[in-house]
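One chain follows as structure tokens, the form predicted on its own.
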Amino acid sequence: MKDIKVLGSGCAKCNNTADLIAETAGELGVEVQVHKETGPEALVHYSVMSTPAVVVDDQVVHTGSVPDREQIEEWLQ
């Protein structure tokens, strides 16, 4: 199971990112656990300067925009 964190302030883009990841994983039949982290300490811990940011298995894989479906599919492989 992949552990995925969406870092951000809880804005619409952050929520859309989390929803898109969960939806894509469901369609692909991949087990994931998606967490939304809205505290500033998470941004500092991962040295993220722009949100939304996506962390997969403790590695930052994306920052600054809602990822597209193809990117998400790559992370879930």
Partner chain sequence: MLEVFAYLATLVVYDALGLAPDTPLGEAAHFFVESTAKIFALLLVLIYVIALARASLNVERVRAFLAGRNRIFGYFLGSTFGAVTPFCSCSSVPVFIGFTSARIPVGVTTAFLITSPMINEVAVVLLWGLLGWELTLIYIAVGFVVGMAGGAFLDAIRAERYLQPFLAKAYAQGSAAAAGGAEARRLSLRERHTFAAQEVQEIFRRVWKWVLIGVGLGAALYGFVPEGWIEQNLGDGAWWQVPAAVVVAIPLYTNITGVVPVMESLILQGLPIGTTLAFCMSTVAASFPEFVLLKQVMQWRLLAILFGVLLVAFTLAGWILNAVEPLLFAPS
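Positions refer to the first chain, counted from 1. None of the values given here were measured: they were computed from a predicted structure.
The form predicted in complex with its partner chain exists for this protein as well; it is not shown, and the discussion that follows is about that form.
Is Val44 a contact residue for its partner chain in the predicted complex, using a 4.5 Å heavy atom cut-off?
Judged by the heavy-atom cut-off of 4.5 Å, Val44 is in contact with its partner chain in the predicted complex.
I'd like to check something about Leu28: if you look in the predicted complex, is any of its heavy atoms closer than or equal to 4.5 Å to a heavy atom of its partner chain?
Answer no; every heavy atom of Leu28 is more than 4.5 Å from its partner chain in the predicted complex.
Heavy atom to heavy atom, is Gln33 within 4.5 Å of its partner chain in the predicted complex?
Although its partner chain is absent here, Gln33 would stay clear of it in the predicted complex, with no heavy atoms inside 4.5 Å.
Who in 13-28 is close to its partner chain in the predicted complex, meaning a heavy atom within 4.5 Å?
Residue within 4.5 Å: Lys13, and no other.
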